[in-house]
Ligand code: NAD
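Before any questions on binding or motion, here is one chain by itself as structure tokens, the form predicted on its own.
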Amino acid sequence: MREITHKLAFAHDGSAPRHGDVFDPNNGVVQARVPLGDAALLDRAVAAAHAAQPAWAAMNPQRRARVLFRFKQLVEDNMQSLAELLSSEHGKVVDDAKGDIQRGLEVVEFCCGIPHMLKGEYTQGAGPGIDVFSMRQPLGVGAGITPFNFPAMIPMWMFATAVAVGNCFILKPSERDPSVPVRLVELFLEAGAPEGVLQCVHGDKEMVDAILDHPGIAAVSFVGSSDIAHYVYRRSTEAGKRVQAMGGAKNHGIVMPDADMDQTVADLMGAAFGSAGERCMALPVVVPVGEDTADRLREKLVAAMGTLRVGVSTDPDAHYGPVVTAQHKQRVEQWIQTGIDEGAELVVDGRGFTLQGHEQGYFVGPTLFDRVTTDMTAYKEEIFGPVLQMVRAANFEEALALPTRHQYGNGVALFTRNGHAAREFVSRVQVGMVGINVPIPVPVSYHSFGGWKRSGFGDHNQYGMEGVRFWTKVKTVTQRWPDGGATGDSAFIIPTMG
């Protein structure tokens, strides 16, 4: 059985009082063991990071960028093996795993331009002989706590920006699929980063709490469920840390009567069922406007779902693979039963799905509900599986109100040919990321990712310039260089209380 290790800047014998099992979701077999670290292990990792950070921060930004350039090339060189490893632990198909890695690399590419983003501001002649300038400096040591659903992309969202600006970083990935994060740290060190700049620790709640409480960690970045995101935000801020905590979602897709119905259905197949629905930017709620639109959409959805191929993660023809664990499969199927009990119409039932030869795998077939209403618990909460719910709206205003009033505000999409409707929707909907005829509106790396309401806690989004601002603090300098004699000029005066 494969043994996963911490990736640390100091010698560690690999022993741990506790271990977790890492499963192959295609067949339910334990394929690896991961050590679950504790506060004492974290103390040593933080000490190593603090020892490395001053020299890393003092390195000029273009040299740090060169490490990122080499890291990017190494990840690309190892793309196939990384994708296969990711797929074997998560269950997403290999092509989807490559997309996971590629979207993370796009943030690395953005961070390769970090010298430009750290230039600061300058004002000459703010007063007689007075110049004022500001600079962005690193926080020190940061930490990231990442979820199982994107074990490559989300770690790179966090650590690429954090280290580019001069911080050292400690990554705590999900214990469900930890191998790819370890490989990313190894490749970063191979790219030329000094020991201690980027480390990986494993663990469960004990390690998470140690990170949130540790006085040597200045900032924490988190992605996961909303309840845990709120917990991370509250506990970390109480400890005096800077925090960005991204939570769950219930993204809606509004389908106007004039939408290109065939394209919309094709988009929904990928957005609702891709990666088995285990994405915070999945589109699990579709809102057709008008009964005729709903009836046409339902007919096409049922036909398209019949063509979806659920297979093992190595099947090149599969549209999606298993969910991550047996417990998660049970949870998704319980939500399907809840939808039935609450009165929704089950149109396509994905429960009980099995593959010959993989009967112990964690597979859930594509599922469709119609006539879902906003008072149903199954509508209010995040299911995080291959389940699509249809909520019928009578008109545009009713459709607009659904994502606006929902407790989550991560992403939303509008499918229409009407420019005025799209403009009105973008202006008024209370959601952080909006797509117009784009079903999964994840912003490109030079913008930023972040939801509203219970989808995001903290004042800064992930990556882009928002990420640079999160991982730095501003220092402003006001300076005067006398010309050798006192002029007595008092035109530049700092107000005081008299």
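This structure is a prediction, so every number in the text was calculated from the model and none was measured. Sequential numbering from 1, following the sequence displayed.
Just so it is clear, the following notes concern the form predicted together with ligand NAD, a form of the same protein that is not shown.
| task | Would you mind picking out the stretch of 102-110, 344-352, 202-210, 290-298 that comes within 4.5 angstroms of ligand NAD in the predicted complex, counting non-hydrogen atoms? | result | Only one stretch passes the 4.5 Å heavy-atom test: 202-210.
| All three of Thr146, Gly247 and Phe384 touching ligand NAD in the predicted complex at 4.5 Å, heavy atom to heavy atom? | Checking in the predicted complex: Thr146, Gly247 and Phe384 are all within 4.5 Å of ligand NAD.
| Would Asn26 show up as a contact with ligand NAD in the predicted complex if we use heavy atoms at 4.5 Å? | Contact with ligand NAD, no.
| Proximity of Trp471 to ligand NAD in the predicted complex, heavy atoms at 4.5 Å | So Trp471 does not count as contacting ligand NAD.
| query | Might Ser225 be said to contact ligand NAD in the predicted complex, defining contact as any heavy atom within 4.5 Å? | reply | Flag for Ser225 set to yes.
| request: Verify the contact flag for Arg176: yes if a non-hydrogen atom of it lies within 4.5 Å of a non-hydrogen atom of ligand NAD in the predicted complex, no if not. | output: Yes, contact at 4.5 Å.
| field | Among the candidates Phe396, Tyr231, Tyr379, Trp335, the residue which, in the predicted complex, approaches ligand NAD to within 4.5 Å (heavy atoms) | value | Contact residue from the list: Tyr231.
| Of Val286, Cys168, Ala160, Ile154, which one comes within 4.5 Å of ligand NAD in the predicted complex, counting heavy atoms only? | Residue within 4.5 Å of the partner: Ile154.
| task | Would you mind checking 409-436 for residues with a heavy atom within 4.5 Å of ligand NAD in the predicted complex? | result | Heavy-atom contacts to ligand NAD in the predicted complex: only Asn410.
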